[in-house]
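Quick heads-up: it's one chain on its own, the form predicted alone, in structure tokens.
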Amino acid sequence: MTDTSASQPAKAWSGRFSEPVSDLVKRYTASVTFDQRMALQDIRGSLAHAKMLARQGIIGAADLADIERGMAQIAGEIERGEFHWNLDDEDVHLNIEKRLTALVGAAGKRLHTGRSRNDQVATDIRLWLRDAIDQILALIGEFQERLLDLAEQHAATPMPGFTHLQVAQPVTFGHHLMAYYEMTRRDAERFADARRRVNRLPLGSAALAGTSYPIDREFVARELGFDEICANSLDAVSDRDFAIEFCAASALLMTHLSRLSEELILWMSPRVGFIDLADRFCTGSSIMPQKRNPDVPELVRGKTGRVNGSLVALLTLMKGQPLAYNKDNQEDKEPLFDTADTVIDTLRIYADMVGGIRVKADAMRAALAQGYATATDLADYLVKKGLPFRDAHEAVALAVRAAEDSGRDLPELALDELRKFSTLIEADIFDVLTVEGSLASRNHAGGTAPDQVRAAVAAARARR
């Protein structure tokens, strides 16, 4: 909880000022209400820093032992919800430092030697975000596993493929789902790539210029699992590229899930009727008893705008800042935290939701009879017989118009009717105009033939 009692302890920087900060300014500038979620990362960073200070002879072994003992107690208090957060201490860093000093005395005051809150917070954010990315990558994997299971199950289930939301050509439901696998595969690559840039250590840059103490930044980097150190102290304390990059990767992931959500909503509509979602992902209406509303995919669609907004907020936050650290940067955390929370919650629920999809294969097949889905197959057939493609395209367009006028699909036209549009058409055309024939003909890497869908699923599983 946050303690806003009447006690007014001196600020860590109060010696320079002749009057106390007003209560309004304290509330306006404090970040402890939201940055306390980085508390355990702050403790990890502080312990690595203290260990380095002792190793370099900057503090004594007894001080290190006191710091480690005090931090262990503080971590326990935080995990049990017993830690008292104080608004007067502004942020997570000073709250923990004040508590440490209360527990171990002078050793707590020595902990901040050779560092600033500027490099401290930059380190905490990177530690926190690295943990969040690892969690997101694992959740993307779980979502993909459910997607692969469903795609494999429906590798040969035909459905209309659409362009402009009009029936275009037959595809399989498995092939359609594998398109979203590929999207999230790229998403995972982006998060993994962003993690490399997150995983650079700012600590040791101090306020902006480095420190005069004989510190060992590479040792701290190894202790905290960073791949390397930030090479420039000015950049290290002021950089938030990594947070923007994370939000950009998150916005793309949410965009992909929003597109899938839109399709689930359309497919679940009685007008389409391709799928049903499990009841646990739907809600009813307060007035219409028959309704089953797809609230979860609708909210995913809406929360995508929220994540996009966080990305724009961070870009706008950074666009006018001179070097080095500015108080503006305090505003980086809430959109960053909210983005990670939204992505994590969305992936968790989406994996479960995909696993509960019930496919209505008969409705998918019936829809293929409504849009002349094998018209391109007829054109390809004529080209293979020697007709130039543009002439074949024209002949098929006339055949489609005739079929439409008579209220029939192309395979329902008799052979003599089809031959009116090209004498190259023979009896074998009816093998081409079937849905299965159309699907089987696209038997190449990336195609929708059932064998290719199964191969794509197998390749995806082999990469995992």
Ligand code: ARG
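Bear in mind the structure is a predicted one, so any value in this text is a computation, not a measurement. One rule holds for the numbers: they count along the sequence shown, beginning at 1.
One more form of this protein, predicted in complex with arginine (ARG), exists but is not displayed; see below.
- The stretch in contact with arginine (ARG) in the predicted complex, judged by heavy atoms within 4.5 Å, is 324 to 332, chosen from 168 to 176, 99 to 107, 324 to 332, 138 to 146.
- Interface residue among R301, R117, R195, R217 relative to arginine (ARG) in the predicted complex, by the heavy atom within 4.5 Å criterion: R117.
- A heavy atom within 4.5 Å of arginine (ARG) in the predicted complex is found for exactly one of L127, M159, V121, L257: V121.
- Within this chain, D91 lines the site of arginine (ARG) in the predicted complex, having a heavy atom no more than 4.5 Å away.
- Of the heavy atoms in S31, some are within 4.5 Å of arginine (ARG) in the predicted complex.
- Shown alone here, D409 lies farther than 4.5 Å from arginine (ARG) in the predicted complex, counting heavy atoms only.
- Although the partner is absent here, D66 lies well away from arginine (ARG) in the predicted complex, with no heavy atom inside 4.5 Å.
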